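Single chain ahead, written as structure tokens, the form predicted alone.
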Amino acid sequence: MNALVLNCPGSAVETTIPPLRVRNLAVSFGAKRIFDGIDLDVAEGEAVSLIGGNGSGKSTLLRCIVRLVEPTEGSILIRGQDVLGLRGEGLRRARSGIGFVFQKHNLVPRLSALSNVLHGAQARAKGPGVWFQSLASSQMRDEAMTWLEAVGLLPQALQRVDSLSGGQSQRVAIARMLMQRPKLVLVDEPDASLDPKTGREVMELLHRLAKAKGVPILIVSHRLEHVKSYSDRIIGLASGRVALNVESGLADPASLRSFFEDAVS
């Protein structure tokens, strides 16, 4: 595989292996085994959907990758570095390169969309300029405005977040994640609780990000139509293992539906 460059502002990261590689991952909560030997890769610029029934461990897997859940065994390589061996400042640096969009947007309601997006720069800049738009440098403001424009929210830049719709708030969270200049993006049900039109727009935006910026993305989704349309590959979890790994263009919707039914039975 040739070395590739992640095309995000201010970053240039070369790699000769998949930017995300998980091998033999196991997780147990007490006597309960959640995973038992999970293997997966996400390639440069690839959008991968993670599916499975309730309790199959989709969100847990995302949290393992950023070490919010500690695996029992295995390895997680992010651009060649095993993050399971990191502690302290090394772990903080690794996390700063991972964009994570949670189901809950975790925005500051009383602040503007622009100020919330600036928060994404906290890992690489210090001081009040990354908290409040009025104190930010012109360079930092311009970058945040660029990402707001990318998610279609430039006219709402100065609006308080608590005045925005759910779909708009989700877009602010995505713009904030982009402000991190991430090397890897993890997204947990970005289309949850959104109306069908807004859900499609959010999924399309993430897919465009993977293609246009070369960012590898792992997305948890429960909507089969979105999985089929806005991902390059589909990975399905069942019984603690990877039970499905198929290119989206080769996946049959009826088979995917059966997989969901089998996963929750």
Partner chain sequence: MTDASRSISPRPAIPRFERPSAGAFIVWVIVIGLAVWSVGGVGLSPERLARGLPALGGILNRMFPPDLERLPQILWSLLVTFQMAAAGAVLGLILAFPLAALAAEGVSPHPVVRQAARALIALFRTVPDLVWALLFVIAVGLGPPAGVLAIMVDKIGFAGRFFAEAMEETDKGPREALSALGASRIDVLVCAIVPQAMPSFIATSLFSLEKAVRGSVILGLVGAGGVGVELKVAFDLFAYSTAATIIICIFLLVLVVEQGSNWIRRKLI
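Quick caveat: nothing in here was measured; it's all calculated off a predicted structure. Positions refer to the first chain, counted from 1.
Omitted here: the form predicted together with the partner chain. The next part is about that form.
If contact means any heavy atom within 4.5 Å, which of 149-157, 99-107, 72-80, 163-171 contacts the partner chain in the model of the complex? Only one stretch qualifies here: 99-107.
Given that the partner is absent here, does A192 sit within 4.5 Å of the partner chain in the model of the complex, heavy atoms only?
Answer no; every heavy atom of A192 is more than 4.5 Å from the partner chain in the model of the complex.
Requested in this report: Consider L84 of the chain shown here, and say whether it contacts the partner chain in the model of the complex, taking contact as heavy atoms within 4.5 Å.
Outcome: L84: no contact with the partner chain in the model of the complex.
Original post:
With the cut-off set at 4.5 Å between non-hydrogen atoms, does Q133 touch the partner chain in the model of the complex?
Top reply: Residue-level check for Q133: no, no contact with the partner chain.
Exercise. Please run the contact check for V66 against the partner chain in the model of the complex: heavy atoms, 4.5 angstroms, yes or no?
Key: Yes, V66 sits close enough to the partner chain in the model of the complex that at least one of its heavy atoms falls within 4.5 Å.
- [ ] Please state whether every one of the three residues L111, H119 and R176 places a non-hydrogen atom within 4.5 angstroms of the partner chain in the model of the complex.
- [x] Result yes, every residue of the spot touches the partner chain.
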